[in-house]
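Single chain ahead, written as structure tokens, the form predicted alone.
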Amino acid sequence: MATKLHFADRLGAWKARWGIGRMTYLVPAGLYAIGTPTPDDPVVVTANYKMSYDLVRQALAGRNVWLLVLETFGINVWCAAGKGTFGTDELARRIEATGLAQVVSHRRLLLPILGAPGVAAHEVQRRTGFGVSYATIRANDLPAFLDNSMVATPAMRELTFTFRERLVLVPVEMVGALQPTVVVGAVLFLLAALTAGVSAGFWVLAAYFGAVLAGVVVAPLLLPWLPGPSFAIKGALVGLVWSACCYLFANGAGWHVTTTVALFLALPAVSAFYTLNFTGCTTFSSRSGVKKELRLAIPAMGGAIAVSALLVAAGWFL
């Protein structure tokens, strides 16, 4: 198996980051040879999402390693572990389907730490005879792990969520927000243009798009520095800053009070909604925590939008 990534690989990864062909970006499941491995060489397990596969094979360049690729239907290790496709049953099936017991002389599998939620190691041992060891979180730590007698250091087990790691998640979030943003933006533009003129329509459109970008881009990038544990509040704070900018740039001092209050209610609610959506990308949010926040935040955001719409309508008659 080649370990050098070519232009087509990098282009495919870029497209997947932007949500283009994301759900079909995969490789066939099976057993692959990196270098010229012998029966004594280690077996590393990964998902068949091609970006995961590429990161692992690139990290193991110059090594002799067996790579067991599970059928996760193009989903990365962490998400597939949560869904159960990177799990005990698939691992046992793939060991049997590839005849791994006849290929290697040892009985040890090296799994990514993020795959642990889906795998019951004792069940794999009972059903296949292979023991499970958890290696590292990041693929690029695998060479150091192998050189360290297959012992992970604390740094290899530390899950980070740096500015760059948040930045690479933004494009797919933007693509996901694009269609509803265009539809809602078009409706807002038409309503504003018909009631207050075309220039007002463009202003409302810009204000709305800015609020979406505040929630999709700005808040995720500033996540550690925004106060409070709530994603909705973090997004609302960024939305408030954007509302103040809109107020100043558009000379809001001349607005009716209903328009001003509507602005400071609606835009933070929009930003809060899209920031809350980012919980699915983070490394630390839990399902129960997200559900709890949704129960509190969704009614608040919906109420803010409803009140702002009523204020705008009331402003027409004042």
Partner chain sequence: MKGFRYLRNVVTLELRENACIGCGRCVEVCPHQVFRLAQQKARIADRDACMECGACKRNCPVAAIEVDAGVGCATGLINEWLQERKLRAPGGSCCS
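Computed from a predicted structure; not experimentally measured. Positions refer to the first chain, counted from 1.
Form predicted in complex with the partner chain: not shown, discussed below.
Proximity to the partner chain in the predicted bound form, defined as a heavy atom within 4.5 Å, singles out one entry of 151, 182, 120, 144, which is 120. Just one of 132, 92, 205, 246 comes within 4.5 Å of the partner chain in the predicted bound form, counting any heavy atom, and that one is 132. If you check the partner chain in the predicted bound form, you find a heavy atom from every one of 116, 286 and 295 within 4.5 Å. Residue heavy atoms within 4.5 Å of the partner chain in the predicted bound form occur in exactly one stretch of 208-216, 193-201, 106-114, 174-182, and that stretch is 106-114. The closest non-hydrogen atom of residue 160 lies within 4.5 Å of the partner chain in the predicted bound form. When the partner chain is considered in the predicted bound form, residue 189 lies well away from it, no heavy atom lying within 4.5 Å.
The partner chain in the predicted bound form comes within 4.5 Å of no heavy atom belonging to residue 126. The partner chain in the predicted bound form is not approached by residue 35, whose heavy atoms all lie more than 4.5 angstroms from it. Looking at 212-250, the residues that come within 4.5 Å of the partner chain in the predicted bound form, counting any heavy atom, are 223, 224, 229, 230, 231.
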